[in-house]
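This document starts with one chain, in the form predicted alone, laid out as structure tokens.
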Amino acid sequence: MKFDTIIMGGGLSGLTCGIALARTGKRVAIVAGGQNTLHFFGGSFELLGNVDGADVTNPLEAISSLDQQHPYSKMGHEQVAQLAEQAKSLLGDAGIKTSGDSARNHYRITPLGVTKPAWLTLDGLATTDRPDSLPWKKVALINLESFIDYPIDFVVEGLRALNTTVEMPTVTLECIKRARRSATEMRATNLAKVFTNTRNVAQLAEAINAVAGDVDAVLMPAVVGIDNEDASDILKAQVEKPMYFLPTLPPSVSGVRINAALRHYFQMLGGRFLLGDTVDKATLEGDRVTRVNTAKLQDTPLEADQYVLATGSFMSKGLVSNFERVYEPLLDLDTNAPKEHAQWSQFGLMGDQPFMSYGVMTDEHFRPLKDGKPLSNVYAIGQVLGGHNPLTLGDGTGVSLLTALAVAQNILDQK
């Protein structure tokens, strides 16, 4: 099968790049193994949240302080600003409504009840302009009995530390009693399926109104709206107080919805999505990849003019390590990992671990290097890239979105 571009990896970066190419009429295939890190999505996209241990107020201004190997440094301030606007627009076109500005971070509330800098947050989720306070003096935090993806005590403690009085009424509904028989059914994504039924949503709204009391706002875990925003919009319209959602521990309802929306948009544009498959062989001739073979289509090679590596980092096996080295398993591309095993980590579990910034090395156009030379028709995007630590910098989703759009433009600029 022949395509213009084959993208290896169907997470945020792979889908974003695929959409950007497909809506120009390019024939694009995405080979996607299955679940991706969007299922851990916390409700917000981060552009740059932290530098040198301090929260970033203006991420665009802070880019100048990053290491030269950081993906943003390779793009430059002007291109990062342009691509940030394009990313927000692309998400909107896919039906993903967000609020936020690349010129100034706001703060989202994490599943543990603390604030974290954010660039774009899904509409309906609770946010604040300050890291140390909320816009409400008193809130009702709705507790769903037996819900296991929500550490309610941590959330309450975190919200109270933000100078807010927190009431914690518990809601019990007939429609989730069956789910309660099995603890595995009391997860966010399972409960969200219960609330695809508008009658159940109405019962939930009635129960919330009965226990909310005299508060400025109602907060509840994001267990509504897994398919689209309709159910959450209906719930908010029926609850008498202003209502906002808080992200839960994975699996994330917001992340599942975003993943489905991006995939649907890509396929609507004519893209080919090969779900449940992985590229296990790439044929390299000189500095070009000529074809790839997948685990399921072993005897049917996939051919393209351009290839995009969007396989992620260690978690998704886009990078692999053994006692001898850190390597990229498909093409054995150059990485920025040192040879000395002792340098890969340092003492302190919660410290800034060096291996978190390891990844594929590229030229300024994000063409990966092999033996010090760039491949001519291959690009690398997202978390497979080296030069940044998404946990300490708070830039993971931003790097995924912006490098995907940058590479799509580089491919389109090819004569």
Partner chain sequence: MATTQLTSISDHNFEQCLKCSICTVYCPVAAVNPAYPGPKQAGPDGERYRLKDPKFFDEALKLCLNCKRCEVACPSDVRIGDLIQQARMKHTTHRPKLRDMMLANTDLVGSMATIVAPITNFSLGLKPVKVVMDAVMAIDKHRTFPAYSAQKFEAWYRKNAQAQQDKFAHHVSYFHGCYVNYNFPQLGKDLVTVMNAVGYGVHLLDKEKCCGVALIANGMYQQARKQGEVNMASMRKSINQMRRPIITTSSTCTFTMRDEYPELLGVNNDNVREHLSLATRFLFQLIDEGEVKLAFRPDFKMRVAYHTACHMQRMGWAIYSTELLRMIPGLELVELDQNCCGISGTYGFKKENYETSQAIGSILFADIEAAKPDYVSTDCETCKWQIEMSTGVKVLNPISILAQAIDVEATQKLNGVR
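Just so we're clear, the structure is a prediction, and the values are computed from it rather than from any experiment. Numbering follows the first chain given and starts at 1.
Unshown form predicted in complex with the partner chain; subsequent notes refer to it.
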Problem set entry | One stretch from 260-268, 201-209, 229-237, 89-97 that, in the model of the complex, holds residues within 4.5 Å of the partner chain by heavy atom | 260-268
Seminar exercise, completed: Interface check vs the partner chain in the model of the complex: of Glu185, Glu167, Asp332, Asp101, the one with a heavy atom inside 4.5 Å is Glu185
For this session: Have a look at Arg291, Lys138, Lys317, His77 for me and say which one sits with a heavy atom within 4.5 Å of the partner chain in the model of the complex.
Result: Lys317
Exercise. With the partner left out here, if you bring back the partner chain in the model of the complex, are Gln35, Thr189 and Lys193 all within 4.5 Å of it by some heavy atom?
Worked result: yes
Exercise. Does the partner chain come within 4.5 Å of any heavy atom of His365 in the model of the complex?
Worked result: no
Problem set entry | in the model of the complex, Arg130 touching the partner chain (heavy atom, 4.5 Å) | no
For this session: Answer yes if any heavy atom of Val215 is within 4.5 Å of a heavy atom of the partner chain in the model of the complex; otherwise answer no.
Result: no
Problem set entry | Lys373, heavy atom within 4.5 angstroms of the partner chain in the model of the complex | no
Problem set entry | Stretch 304-343 - residues with a heavy atom within 4.5 Å of the partner chain in the model of the complex | Met315, Lys317, Asn322, Phe323, Glu324
